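Heads up, the chain below is alone and in the form predicted on its own; it's given as structure tokens.
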């Protein structure tokens, strides 16, 4: 049978090599001109009413779905899933470079999102930052903040999150100074913000569409999709698991996200009730009932936070995941012994 695979360029002669070289030079020149140029788009003009209903919805989303609070707080890794340390909610957190495939010498703490940190920002600037990736001063947020997942979030839910953030108790914790070390990492990050494209409305609660929405903004898709060597999700392999994360001490090792497709190597044997119970049983009280031992398995997923999701929302996520194409991808959940205590920077 005749092979259709590309042959080495040296066999084909110099013309393909020349064409490839010219193309590379053009792309390189274009990249040099583009890299470091931060996209510009205005913050929406909006004043969030801050009603009790908005604050309640925003607290639910930021604490239990989008987990803004998990990422912008100090996490206690002595407990399973690294729950948020009480009293540090929104004050920022230490750096987790390997979570985003960054070199160990990169220092990337999550910033303070209480009034102490963003009190001078307008509501529109907060919305632009959350769903577009630009700070109040127009600088780019590093894509460790998943604005690309939140850019379709309806304005209604964005305003609810802003309303809740305004209620957070101001304060501060000691954080390391941000240092990306490598100019290229900074410059590439500068080019990535995109204008938000919010959905017109929040999907009907309990629907499959709602499950798809929650799986997107709730980080299921991001964390449960395998990544390339640069840490970017691989298109066409969404939700099949396999993304690796170094877990801080006292546990340690590299944990790999599970397959969430309805294949026997994933959720194929899970019932809707078992799926919901797995979350609802991981209450903060249950999580804090025992500590993680040195070198033992731990999870990068804050189960205590996600346990606060409603059964209706969890059921909708399960219903959506059940519609996915089954993917045969058995995942080894944990490789002990890697990293661990060296992950956090003080």
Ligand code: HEC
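Given the structure is predicted, the values throughout are model-derived calculations rather than measurements. Numbering follows the first chain given and starts at 1.
As for the form predicted in complex with the ligand, it is not shown, yet the points below apply to it.
The closest heavy atom approach of residue 80 to the ligand in the predicted complex falls within 4.5 Å. Residue 258 belongs to the set of residues with a heavy atom inside 4.5 Å of the ligand in the predicted complex. Contact between residue 240 and the ligand in the predicted complex is not found at the 4.5 Å heavy atom cutoff.
The ligand in the predicted complex is approached by residue 146, whose closest heavy atom lies within 4.5 angstroms of it. Picking from 228-236, 194-202, 249-257, 84-92 the stretch near the ligand in the predicted complex, with a 4.5 Å limit on heavy atoms, gives 249-257. The partner is absent here, but in the predicted complex a heavy atom of 109, alone among 109, 171, 124, 262, sits within 4.5 Å of the ligand. Here is the short version: of 188, 175, 208, 223, the single residue with a heavy atom within 4.5 Å of the ligand in the predicted complex is 223. Looking at 56-87, the residues that come within 4.5 Å of the ligand in the predicted complex, counting any heavy atom, are 66, 67, 68, 71, 72, 80.
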